[in-house]
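Heads up, the chain below is alone and in the form predicted alone; it's given as structure tokens.
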Amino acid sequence: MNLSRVWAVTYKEWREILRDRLFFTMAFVLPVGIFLVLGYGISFDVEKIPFAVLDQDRTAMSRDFLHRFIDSRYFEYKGNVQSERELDPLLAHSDIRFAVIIPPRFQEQLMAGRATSVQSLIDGVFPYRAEVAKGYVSAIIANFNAQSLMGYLVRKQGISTEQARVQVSPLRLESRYLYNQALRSQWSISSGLMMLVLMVTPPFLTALGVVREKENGSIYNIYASTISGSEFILGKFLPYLLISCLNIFILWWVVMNVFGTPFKGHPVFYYAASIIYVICTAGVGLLVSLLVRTQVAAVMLTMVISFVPAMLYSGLLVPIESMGTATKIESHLFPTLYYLRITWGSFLKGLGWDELWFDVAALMLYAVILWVVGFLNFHKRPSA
């Protein structure tokens, strides 16, 4: 391989990038744009659920019960209604997602030591949010029941509140969340989006860089020259590798400073693993450039084969453990799964080479396979 020829192609490609202001701008603006749109648009936090109340008892105890919902950060109080008929259009038009109906004689039944029922209506259009809302409701009701029973024992048995608490709840659960103590989905999503953006933009740039030569006809100059196929591909790739390496720093900064996600790992290890991932994903762009002849087709094909696996089979939106057997096997065939483990391990868990070496090795193997296939299938003599 003649390095001077590689440098000549690299220099020519860099000049082409600088001359095309739109392409140069997209090389840096597109990754950050995708990142910000998805980073603010995707959230698994279920908070401020709008709800309305039908209080048919209107007693001190019913108001105390309702204030457990009103004062919670998970619910957003929208007011009272006078009848059940008013709740149907509110739920149907998504003005509220949840409703509480307290029956008559609510306080009377509880004060007499008898059980009573409270109805909750939850909008089930979004099953995940509905299940989480149901969990919130169950927790609030369980807490209210425990408080009511404690008060009953204090009055009837003349014991202290602490003794009553021990009788009501002899076993206490203390939950401690590791790695993401605040349970902020934005920390996981923002760091995980580095996997998604770096899966889309490097192959996008690489594919366009090669296909552009085909579309404007300048590829025939390469066919007629003495430069080898490997020298041409390497020279075309190096400018986009440099751009992607800069984008890694930019996205890294955005994750920590815009979204406030902590970084607990080893910076050198993570940056090196990210470069390997970029080389791997750029190999996808090389394969795309061998299959199509126009830039529009390159963009479409790149988005399909990079964006879809990154969203569905990486574990970013759906845990791998929750997938079916066939889907689990399929997810391990994409590099996104391994890089997402590296990203979350580095950002949230503080892991390094000792724990993540297998994922790095998988990315290296994937990169070698993609580039070898690309080199072997790039021919200076075009097919008829």
Partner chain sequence: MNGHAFLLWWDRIIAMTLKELKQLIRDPVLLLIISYFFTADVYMAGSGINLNLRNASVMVIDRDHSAASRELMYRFRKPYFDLKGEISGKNEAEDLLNRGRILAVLDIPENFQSLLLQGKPTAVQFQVDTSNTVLGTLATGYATEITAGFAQDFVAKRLGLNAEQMDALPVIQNRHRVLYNPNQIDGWFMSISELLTVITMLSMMLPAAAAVREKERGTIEQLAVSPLSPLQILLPKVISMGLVILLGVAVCLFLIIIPVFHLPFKGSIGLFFAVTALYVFTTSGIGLFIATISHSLGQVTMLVILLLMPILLLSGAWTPPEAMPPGIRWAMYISPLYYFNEIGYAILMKGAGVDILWDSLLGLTGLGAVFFNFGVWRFRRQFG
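Numbering follows the first chain given and starts at 1. Every value quoted in this text rests on a predicted model; they were computed, and no experiment measured them.
From this point on, the text means the form predicted in complex with the partner chain, which you will not see here.
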Answer key: of 144, 269, 77, 252, within 4.5 Å of the partner chain in the predicted complex (heavy atoms) is 144
Could you check which residue among 312, 241, 248, 256 gets a heavy atom within 4.5 Å of the partner chain in the predicted complex?
312
The chain here is shown without the partner chain. Which stretch in 270 to 278, 296 to 304, 257 to 265, 231 to 239 comes within 4.5 angstroms of it in the predicted complex, by heavy atom distance?
296 to 304
Classify residue 376 as contacting or not contacting the partner chain in the predicted complex by the rule of any non-hydrogen atom within 4.5 angstroms, answering yes or no.
no
I'd like to know whether residue 337 contacts the partner chain in the predicted complex, with contact meaning heavy atoms within 4.5 angstroms.
no
Heavy atoms within 4.5 Å of the partner chain in the predicted complex: does residue 329 have any?
no
4.5 Å heavy atom contact, residue 93 to the partner chain in the predicted complex
yes
With the partner left out here, which residues of 122 to 139 have a non-hydrogen atom within 4.5 Å of the partner chain in the predicted complex?
122, 123, 124, 125, 126, 127, 128, 129, 130, 131, 132, 134, 137, 138
